[in-house]
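First comes one chain, alone, set out as structure tokens in the form predicted alone.
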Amino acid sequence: MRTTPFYERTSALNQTGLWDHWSGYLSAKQYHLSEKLEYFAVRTAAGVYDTSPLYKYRIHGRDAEAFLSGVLANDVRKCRPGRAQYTIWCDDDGYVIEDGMLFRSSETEFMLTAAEPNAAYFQDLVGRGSVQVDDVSEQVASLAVQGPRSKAILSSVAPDIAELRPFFITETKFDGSPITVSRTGYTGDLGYELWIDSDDALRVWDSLFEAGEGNGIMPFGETALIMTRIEAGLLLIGADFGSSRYAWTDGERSTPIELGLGWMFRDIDKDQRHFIGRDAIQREFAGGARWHLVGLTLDWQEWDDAYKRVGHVPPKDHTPLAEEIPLYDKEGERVGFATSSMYSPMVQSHIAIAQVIPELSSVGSEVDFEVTIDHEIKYIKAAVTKMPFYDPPHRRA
């Protein structure tokens, strides 16, 4: 297994010795005996997550914008220099291959992140244009600094960070080391991501934790990250959707509309931009989607009663579950499926990200959520809820 440029620090802080594998790298599952401690660091102070295993592609050249405009579903022309943009890329049938963040530093310079390897895919699409796709994954280390105190900590070292607005990026120096900072993240909280030359990684880490001393800063692992992203209603490949690249049937594939990403195509009837999957997506707008992405909040009284009736203490397990759970209507017909669920410490309720038939996608609609208690299937009422489940006002401060 490979290790990230921060491994010398992360391995020393990992009290549990628990690691996951991410893109061939060791990634801490949790540092402390309680992952909930790390979760609350993000929600009340500041947490630091090593995102270095992300694939990072530098896309540059005179025709870079035109190239990305024809490949990415979200209109890159709306992402001006100094901005970041969440985006997806689809196949010809309008199914999602993957999602990622696009960072634009100039008219001709971009960086795209992805959870899965995509270099060959993009390089094969270049054609004769004046554009180049370089895999810079190993050259660029990255950290997510998330939580209500993240701005104060970072701006104490680099004051210009304090003025950075959501989805903006800036070039700055962090205690002498040049870095790029984006006001982005995967926790639904106030947060930033630092993009660092790998050779400067440890120096930036040490400066960050020195600046955060006394502010509750601590590293957090994958379990706490997944908890926060479910509360934020953010999608995870391999959990809430699968890449169409590896799917055998259309039932394993998802369209942008089914994943709640139809907002990327508000102007599709007026805009003549041709991107991969456009025609199929336009047809789906006219004909309707199979599923709609929704949030679910389970009825706490029914949950408690179902367990108490058989002598159990009702569990309030915050451990995130990435597992498909069937949903039913009152007649017992299957009407959808939950993909990610957990008990939210902030919301104080069981929540889930799910896909349901369009007829039951309105806020307030009810479905039955399947659970197994003592080897017997039970059904808990769940109400369709607007996402994000947790949306702190300081996230936009």
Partner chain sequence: MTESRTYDAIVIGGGHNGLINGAYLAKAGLRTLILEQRNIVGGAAITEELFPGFQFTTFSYALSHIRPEIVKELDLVKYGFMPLLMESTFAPMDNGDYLLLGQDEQQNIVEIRRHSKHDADAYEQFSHDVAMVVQAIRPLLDSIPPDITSNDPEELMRMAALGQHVRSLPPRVVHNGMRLLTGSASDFLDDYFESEILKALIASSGTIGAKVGPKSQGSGLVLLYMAVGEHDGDQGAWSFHKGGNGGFTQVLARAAEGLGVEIATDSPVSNVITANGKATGVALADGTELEADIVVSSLDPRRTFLELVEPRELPTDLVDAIERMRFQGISAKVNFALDGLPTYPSLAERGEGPFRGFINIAPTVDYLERAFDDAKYGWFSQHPYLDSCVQSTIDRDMAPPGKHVMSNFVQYAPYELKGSDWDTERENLGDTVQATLEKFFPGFGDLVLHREVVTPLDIERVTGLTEGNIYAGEFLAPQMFFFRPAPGWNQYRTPISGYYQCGSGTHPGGCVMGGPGRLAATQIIGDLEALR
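Because the structure is a prediction, the values reported are computed rather than measured. Positions refer to the first chain, counted from 1.
There is another form of this protein, the form predicted together with its partner chain, and it is not shown here; the text below is about that form.
By the criterion of a heavy atom within 4.5 Å, residue 33 is counted among the residues contacting its partner chain in the model of the complex.
In the model of the complex, its partner chain lies within 4.5 Å of some heavy atom of residue 216. In the model of the complex, at least one heavy atom of residue 346 sits within 4.5 Å of a heavy atom of its partner chain. Its partner chain in the model of the complex comes within 4.5 Å of a heavy atom belonging to residue 45. The candidate spot formed by 56, 192 and 396 lies out of contact with its partner chain in the model of the complex, as no residue has a heavy atom within 4.5 Å of it. The partner is absent here, but in the model of the complex a heavy atom of 300, alone among 209, 300, 168, 121, sits within 4.5 Å of its partner chain.
Among 245, 316, 278, 183, the residue placing a heavy atom within 4.5 Å of its partner chain in the model of the complex is 316. For its partner chain in the model of the complex, the listed stretch (324-332, 353-361, 60-68, 36-44) containing residues with heavy atoms inside 4.5 Å is 36-44.
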